[in-house]
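Taking the form predicted alone, here's one chain by itself in structure tokens.
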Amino acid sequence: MSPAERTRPTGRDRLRDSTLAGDLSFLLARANARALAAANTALAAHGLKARSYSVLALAADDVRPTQRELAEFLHLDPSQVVALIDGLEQRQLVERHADPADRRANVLTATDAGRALFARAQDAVRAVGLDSLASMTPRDHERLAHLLRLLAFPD
């Protein structure tokens, strides 16, 4: 074995030095996958996943989103949003109401049970988020959130 082969990183460390590991799109995708996996694990105890949690969060926030607004904001197909709402509605966590501004549209609100579940689930998600960002300073958290907002909401 040559000296270069003996000093070459092995396994996962070797891949961290790859060209791909420096690609911003890959890094964002990998960070997203890790964050989703951790969030889904925490949310499972509440019978939720990241997408259903997101819908419930917006319903509990009193912004009264329409189904179309949810689809656009969450970057999901409208049929996916309908399925998520149907699941939450079956559990009596959200309700659809006719939009007073446009009777053809429905707005979504959380029930009392939905608000209570959201509060518990939010605590679980925040705890996971803090754990996954433990190596970062509070200032790093703020900077990362700012940069992600710039990417998520470019307009």
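Please read all numbers here as calculations on a predicted model, not as lab measurements. Residue numbers here begin at 1 and follow the sequence given.
Note that the form predicted together with the DNA isn't included here; everything after this is about it.
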{"query": "Sole residue of Thr66, Ser54, Thr111, Gln122 within 4.5 Å of the DNA in the predicted bound form, by heavy atom", "finding": "Thr66"}
{"query": "Contact residue in the predicted bound form, chosen from Ala105, Ala31, Val128, Ala116 - any heavy atom within 4.5 Å of the DNA", "finding": "Ala105"}
{"query": "4.5 angstroms heavy atom contact with the DNA in the predicted bound form for Arg96", "finding": "yes"}
{"query": "Distance check, His46 to the DNA in the predicted bound form, heavy atom within 4.5 Å", "finding": "no"}
